[in-house]
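Quick setup: one chain, the form predicted on its own, written in structure tokens, and binding and motion questions come after.
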């Protein structure tokens, strides 16, 4: 599933390509992909900006807002004209929705598993109301993070992945962040000391910023807006490395079910 770094990569690439373009029509090829909750016609509206909150892509329009969640296998690709057959369009065998712009360019939403959604709403809060502070927000601080953890009995991995408190982290970057911070994924969130919380905060920021720099992680489906795979998977320390030696101590990386997800960690470095 695309997480914060993958979504951020796509946004940075799409921003210079589609901001300012006006929508001519929407072609929906899989009905469940398109969730229209606005009575304002989308046709004729222009894209004013592209923003992100956690894993959501947010497109403010003239009178309403488009919000896209890629879910497990969603992918966005831009075609500058109707005749384009370039690398960014290769492998688009499961197109679910197409935004046609007035200059004949298109934004294509491809989704193999059909879980992704494109919302058209008047108020973004309707979709984002249960989405917590973005993990790269400047106003998310170590002190605020420590206060968020206070009194929480849930495990720290479940807390980080819930999206209700901190948004953008999924299985990959949660495992990598916890390893870098030396914290076991089943450690109680509320029992972390201030020092441990600060270390985990720094680790989350480092891991996410590194992944953005490397254009995201490609495990299977993820491609950026130009059809290129990410490179961050080359820097994994624990994810998908079960049975292999820890880079720090040589102990085999273990795999265990935590918070309903397959979780990788070092039993020695993350006691």
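The structure presented is a predicted model; accordingly, all values stated were derived computationally and were not measured. Numbering follows the first chain given and starts at 1.
The form predicted together with the DNA exists for this protein as well; it is not shown, and the discussion that follows is about that form.
Visitor: Can we say 15, 210 and 213 each have a non-hydrogen atom within 4.5 Å of the DNA in the predicted bound form?
Guide: Negative, none of the three is within 4.5 Å.
Visitor: Using a 4.5 Å heavy atom cut-off, state whether residue 69 contacts the DNA in the predicted bound form.
Guide: Judged by the heavy-atom cut-off of 4.5 Å, residue 69 is in contact with the DNA in the predicted bound form.
Visitor: Using the partner position in the predicted bound form, report whether residue 172 sits within 4.5 Å of the DNA, counting heavy atoms only.
Guide: Taking the distances in the predicted bound form, the answer for residue 172 is yes, it comes within 4.5 Å of the DNA.
Visitor: Given that the DNA is not shown alongside this chain, does residue 21 nevertheless sit within 4.5 Å of it in the predicted bound form, heavy atom to heavy atom?
Guide: Close contact is absent here: in the predicted bound form, residue 21 is far from the DNA, nothing within 4.5 Å, heavy atoms only.
Visitor: Taking heavy atoms and a 4.5 Å cut-off, does residue 217 contact the DNA in the predicted bound form?
Guide: Flag for residue 217 set to yes.
Visitor: Note which of 152, 184, 199, 133 lies within 4.5 Å of the DNA in the predicted bound form, where distance is taken over heavy atoms; exactly one does.
Guide: Going through each option in turn, the one that passes is 152.
Visitor: Okay, which stretch from 200-208, 58-66, 224-232, 26-34 lines the DNA in the predicted bound form, with non-hydrogen atoms inside 4.5 Å?
Guide: Checking each option against the 4.5 Å cut-off leaves 26-34.
Visitor: Could you run down 241-270 and flag each residue that has a heavy atom within 4.5 Å of the DNA in the predicted bound form?
Guide: Residues within 4.5 Å: 255, 257, 261, 262, 264.
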